[in-house]
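For reference, the chain that follows is the form predicted on its own, supplied as structure tokens.
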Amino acid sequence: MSTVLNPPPTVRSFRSPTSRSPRVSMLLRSTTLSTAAALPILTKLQHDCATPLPLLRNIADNMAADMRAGLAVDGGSDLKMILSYVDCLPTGHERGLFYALDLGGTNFRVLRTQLGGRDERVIDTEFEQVSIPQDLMSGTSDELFDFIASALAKFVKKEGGKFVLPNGRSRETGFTFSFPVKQTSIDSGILIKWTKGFSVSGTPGKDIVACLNEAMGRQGLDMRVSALVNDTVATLAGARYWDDDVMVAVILGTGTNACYVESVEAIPKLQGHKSTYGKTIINTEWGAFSNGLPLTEYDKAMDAESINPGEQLYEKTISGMYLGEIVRRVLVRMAETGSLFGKHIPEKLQTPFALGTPNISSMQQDTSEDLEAVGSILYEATGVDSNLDARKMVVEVCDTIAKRGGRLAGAGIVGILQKMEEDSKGVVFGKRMVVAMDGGLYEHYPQYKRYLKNAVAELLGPELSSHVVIEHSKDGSGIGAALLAATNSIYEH
């Protein structure tokens, strides 16, 4: 069951459109449009974006090497390899009522779940989504967390039915917090800086869990945070609850990240940390990877104009935030040099991020003879008129960028598996291994997903790849945070 409070403003979805808007003068100039002059641009793009097997092997090797360097010492590589302090994963035996709070952008979600142990598992789950007022995103720390705690308190008041808190217990919540944090324990972490449009004063340098606990106290809410996690770690925990073979989790949405289960003995920089089970989850922050990526002139220009030049290069080649923008930049070059859309270049086409990744995904789903949906999307998003030949070329550009992104993401996954295999001396590839995937890009862009899976199969070969299961774990981070609250509960299950 789910209800929604203050529904967020409409955002572009990765789902394909179910209806097509009429186009204005779409084909009026079709006879003057030419694709011949744009063809060399496409040919060069396909060459520069090529991901043959040797290049993918190099990416996987470099990913594994950078993981090792990041585990050896802080700052040892582009990969931060952050300790999550999650040493105990869900087993299915968890019982009781647990909450989760997921704060990762302009909306946050509150969730509760009743766990019934091995026999009943998840008895029931409810959640609400709340949008954060714009003024609170640049207000004070107390204002923001008071608003969040107030929404959480209202949600708790609706508790009933199958949701039962045992006598003598305080409520416990998992806190999924998808901003840069220096974690200091399973239930504490220092905010490094706000991102994603937030500029809340008084929070950087403070323990984010203490800020929330204090706000809940001011609301008279008897609840404590028992686990602070990011969305990737929560996704792994949520998937692991249902399948003991889950060892890796990857988010491929607007942004991207990956985490995996690591042996404490394989973390040289870890000193003094004791793990009951000898394992912990490492948050790779793999978006910062950069070693050996096939970058085009369009990638380099986009990076140079970004708010973080030279950083997050892997994320900029594989994640949903950027794929549409790379395509747009290629189309601008084709329009300027090859007159792909006639002599006039609309201002909308020249506007950064006017073409989103949901747009390019939708265009690739068009199987009609005249590619009508492609023409509609191009006109609505960028203002260009197009004939059939131009639309075909646009689809080729979309496919080239999606193919490179999916295959590079697949190589990164193999790099993680490779590192785990080397440390386990042959144990990992000899048995079933599940990689839990989440995020709108992976879920709603079928070509991207196929390219990713094909790259993994090519790199591992038929025998080894038969043991690796890449599984969609939809919305696993919410339930995962509640499960981690359960595994780290101060009470016996």
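Numbering starts at 1 and follows the sequence shown. Every value quoted in this text rests on a predicted model; they were computed, and no experiment measured them.
This protein has a second form, the form predicted in complex with beta-D-glucopyranose (BGC), left out of what is shown; the following refers to that one.
*Asks:* With the partner left out here, if you bring back beta-D-glucopyranose (BGC) in the model of the complex, are 195, 230 and 257 all within 4.5 Å of it by some heavy atom?
*Replies:* Yes, the whole trio is in contact, each within 4.5 Å by some heavy atom.
*Asks:* Please check if residue 312 has a heavy atom lying within 4.5 Å of any heavy atom of beta-D-glucopyranose (BGC) in the model of the complex.
*Replies:* Answer yes; at least one heavy atom of residue 312 falls within 4.5 Å of beta-D-glucopyranose (BGC) in the model of the complex.
*Asks:* Does beta-D-glucopyranose (BGC) get within 4.5 angstroms of any non-hydrogen atom of residue 306 in the model of the complex?
*Replies:* Outside the cut-off, so no.
*Asks:* Is residue 179 near beta-D-glucopyranose (BGC)? Define near as a heavy atom within 4.5 Å, in the model of the complex.
*Replies:* Taking the distances in the model of the complex, the answer for residue 179 is yes, it comes within 4.5 Å of beta-D-glucopyranose (BGC).
*Asks:* My question is simply whether residue 251 lines the interface with beta-D-glucopyranose (BGC) in the model of the complex - judged by any non-hydrogen atom within 4.5 Å.
*Replies:* Flag for residue 251 set to yes.
*Asks:* Looking at heavy atoms inside 4.5 Å, which stretch does beta-D-glucopyranose (BGC) contact in the model of the complex, given the options 230-238, 400-408, 139-147, 325-333?
*Replies:* Heavy-atom contact with the partner occurs in 230-238.
*Asks:* Could you tell me which one of 172, 285, 385, 262 places a heavy atom within 4.5 Å of beta-D-glucopyranose (BGC) in the model of the complex?
*Replies:* Checked against the cut-off, the match is 285.
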